[in-house]
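The form predicted on its own is given below as one chain in structure tokens.
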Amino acid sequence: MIEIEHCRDEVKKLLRRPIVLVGMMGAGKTTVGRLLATTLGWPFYDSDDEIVRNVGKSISDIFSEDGEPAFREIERTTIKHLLAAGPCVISSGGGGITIPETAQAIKDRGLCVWLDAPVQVLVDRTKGTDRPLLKHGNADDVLKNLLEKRKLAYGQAHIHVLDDGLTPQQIVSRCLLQIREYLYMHSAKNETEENTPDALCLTVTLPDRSYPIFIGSGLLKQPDLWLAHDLQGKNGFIITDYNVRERLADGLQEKLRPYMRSVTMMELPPGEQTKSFDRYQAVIEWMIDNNIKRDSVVFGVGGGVIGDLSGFAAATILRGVPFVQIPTTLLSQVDSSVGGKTGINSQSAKNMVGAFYQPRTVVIDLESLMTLPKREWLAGYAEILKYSLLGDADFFEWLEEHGSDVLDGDISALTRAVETSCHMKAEIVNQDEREESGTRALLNLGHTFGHALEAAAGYDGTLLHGEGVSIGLVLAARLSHDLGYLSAEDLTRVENHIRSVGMMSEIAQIKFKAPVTAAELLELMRMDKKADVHGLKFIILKHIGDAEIMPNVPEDVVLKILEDSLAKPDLAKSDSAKSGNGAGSLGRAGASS
């Protein structure tokens, strides 16, 4: 079981500088700050109280008599003095971090934590208070405009803690989890391996709908840790599949009952065919029959198929109800559960119907992986490897050393791999939530090849998504090399690592029901969502850890790569034997999820 007391002790051990809380008025900086300081056994300082004590005037009087610039200068010197106090908790004024000198001091000498709450919560909490900036104008408009102006400044914080309907004690617990996640991410390799936490939390920061991701072992047994207070007491709707229900969903249903008004469940067949219009309609009708309301909560418990379908149902029923994503495969934990893409398949192509709809929370319980077959682990590892190739050469080097540990279910290695992957995807989604700037398209490395292979295999389990991505990463690396970007040395490293851990690397390994030609695969690529009037788009590797989008890639080069991979039966046979394609688990028994 996850103990916040243990998390507190780890934070006290690893952090030797002040925690500085920033955020809007009404975000709870003083209330949470006092409670956090008490929990840590550290001193607490409120910068506004310190200013009043030192100047001998109220904040309102300083504003009215001396002006805001004078106040900000006093605030800057006060905070600078407090930062020299050693380990403590400091609640700063709402506008302090908007002053560059103050912001720099906080970032350099403290651990900056942004407490973020919705505008309506801020309005309710500040009613009847003597706030200088709220004396003129409608409070809703003033706070909304202030938050919009200050978001960029708050975004400088080391940690973003989201108050999505939490009690003060829950916010303190989340602060501790996220501080530990930050310390874990920024610790030396030897410290990371020695101090693997039992739970972490990070925030996916978005303009309109940020949300937390919890990562740990045993999370499904502790809903109080991740189920926001404002979601409790509602009607819960669990969507899962046959494989996951008995293994995980039934137990979760029982754990949720004390927190919800009711919890009902629908189980669906596993497999890509479930992401269909028929299944989507069945889910919607089931929700309506069971009296779903706009404040009801949908829990998607399963792999990527269940996550995509349940998220799309939550996005569209009653024009959107709260959605909690609980991924139970390695692939869904590091990929489809993060970023808000939901959807179903059309008859002709994958994921052609859907919506961007962010969950309220993502809960990644690493214990849910421990009965997965080896094939599912390898499929998920392909997405982990993708992140290292497109943006983190050091992570790729770490995987070369520890990839086998991840696939063996070593908790320390697994935690590191999942956390790093989620963090990287969260950063990319933050920059380009709806694929408007092109940054998010980098996540499609290997996928143009992989999606065509999945389509050719018929979405019937012959080829898992991650297996298609695994082969796609090899083909994308070869394309990058043939176009004059990726070096021969880097290409060899990619191919060798993929083969060394037993992943699929060649099209010839796929057991298609009927022969497939390179020309047919190329035609399927032309139907890919990333293709446009200028031709095929691919994510190209310039180096390991450095990728870019390339439009209008010559089709003859792509065709040659497909033909070569189709014609490698000897190597494919050897790789297939190592991969355990369709074989048992990594020393574990159980069904796929």
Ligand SMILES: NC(=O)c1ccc[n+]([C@@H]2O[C@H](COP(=O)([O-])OP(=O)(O)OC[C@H]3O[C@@H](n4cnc5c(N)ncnc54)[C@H](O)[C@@H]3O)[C@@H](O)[C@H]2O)c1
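Since this is a predicted model, take the numbers as computed values, not measurements. Counting begins at 1, following the sequence as shown.
Below: the form predicted in complex with the named molecule, not depicted.
Asks: Determine which one of 519-527, 114-122, 411-419, 267-275 lies within 4.5 Å of the named molecule in the predicted complex, judging by heavy atom distances; exactly one does.
Replies: Every other range fails; the passing one is 267-275.
Asks: Does R180 reach the named molecule in the predicted complex, with heavy atoms at most 4.5 Å apart?
Replies: No, R180 is distant from the partner.
Asks: Test of understanding: in the predicted complex, would N351 fall inside 4.5 Å of the named molecule by heavy atoms?
Replies: Taking the distances in the predicted complex, the answer for N351 is yes, it comes within 4.5 Å of the named molecule.
Asks: Examine E506 and determine whether its closest non-hydrogen atom to the named molecule in the predicted complex is within 4.5 angstroms.
Replies: Heavy-atom contact with the named molecule at 4.5 Å: absent for E506.
Asks: Test of understanding: in the predicted complex, would P373 fall inside 4.5 Å of the named molecule by heavy atoms?
Replies: Yes, P373 lies within 4.5 Å of the named molecule in the predicted complex.
Asks: Just one of S388, S368, T448, T78 has a heavy atom within 4.5 Å of the named molecule in the predicted complex. Which one?
Replies: If I apply the 4.5 Å criterion carefully, the residue I get is S368.
Asks: May I ask you to choose, among S480, S336, T361, S217, the residue with a heavy atom within 4.5 Å of the named molecule in the predicted complex?
Replies: In short, S336.
Asks: Suppose contact means any heavy atom within 4.5 Å; which members of 325-344 contact the named molecule in the predicted complex?
Replies: Read in sequence order, the residues that approach the named molecule (within 4.5 Å, in the predicted complex) are T328, T329, L331, S332, D335, S336, K341.
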